[in-house]
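Only one chain comes next, encoded as structure tokens, the form predicted on its own.
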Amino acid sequence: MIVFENKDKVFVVTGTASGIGKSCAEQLLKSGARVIGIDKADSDLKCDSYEHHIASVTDENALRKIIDGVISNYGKIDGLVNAAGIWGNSKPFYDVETSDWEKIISVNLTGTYLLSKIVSYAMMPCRKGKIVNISCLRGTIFRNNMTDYASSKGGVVALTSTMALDLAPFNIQVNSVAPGFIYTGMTKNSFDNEEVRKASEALIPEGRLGRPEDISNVVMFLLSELSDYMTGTNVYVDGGYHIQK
């Protein structure tokens, strides 16, 4: 486990009510960091170093208020993890309603952009920082009936690269993590079906579904000093799925 030598590290993590976001928050807390969580739902994380804010990542005013509070209380933000996201509509693109398309893009892509922009302004004066975006293997490897979700996550991959270029002069590294088939609250309805689970596992060279901690382990590396020479990279964490396609 990565433990930060500097015990006053401050991290902002979205999607902390469950799944990958919650796992990232838990690992950061175990490392000795302070974590500010943001989710549209409440969180059961209990720790003196954790504070939870109920807000949507699409609400720019609410996000600004939260980040202003973080800077007022702690004077800095060392890292950001954009883990909040929602699943698509599982329809061919021609059957996706415009309102449904806009909802997926708004949460998965625009939400990542909004909070990253706000946090970047807090990081730039310090001339250091780490931002990790959660993309998805479906942002680069596609299947049918996934146009809204794939487009949003493909946008996250592109956003990560352009953010990395813009923030490099400020010594801020930006990378993304592309999970494969991960068992979370968002996917359990599918993977609790034994036929679906076995079919999915058959596609994965390592032969198993991923766990949230498989993703948060890599996020922790990207938030640490060990990744100081990495930026603009999309890291697949998928049990080898992408290398056989």
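Because the structure is predicted, anything quoted here is derived from the model rather than measured. When you see a residue number, it is the position in the sequence shown, counting from 1.
Omitted from view is the form predicted together with a small molecule, to which the following refers.
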property: Segment that reaches the small molecule in the model of the complex - one of 159-167, 117-125, 82-90, 67-75, heavy atoms within 4.5 Å; result: 82-90
property: Touches the small molecule in the model of the complex: residue 25 (any heavy atom, 4.5 Å); result: no
property: The small molecule contact at residue 18 in the model of the complex, heavy atom, 4.5 Å; result: yes
property: Any non-hydrogen atom of residue 214 within 4.5 angstroms of the small molecule in the model of the complex; result: no
property: Close approach of residue 55 to the small molecule in the model of the complex, 4.5 Å, heavy atom; result: yes
property: Contact residue in the model of the complex, chosen from 36, 182, 220, 33 - any heavy atom within 4.5 Å of the small molecule; result: 182
property: Contacting member of 29, 186, 45, 203, with respect to the small molecule in the model of the complex [4.5 Å, heavy atom]; result: 186
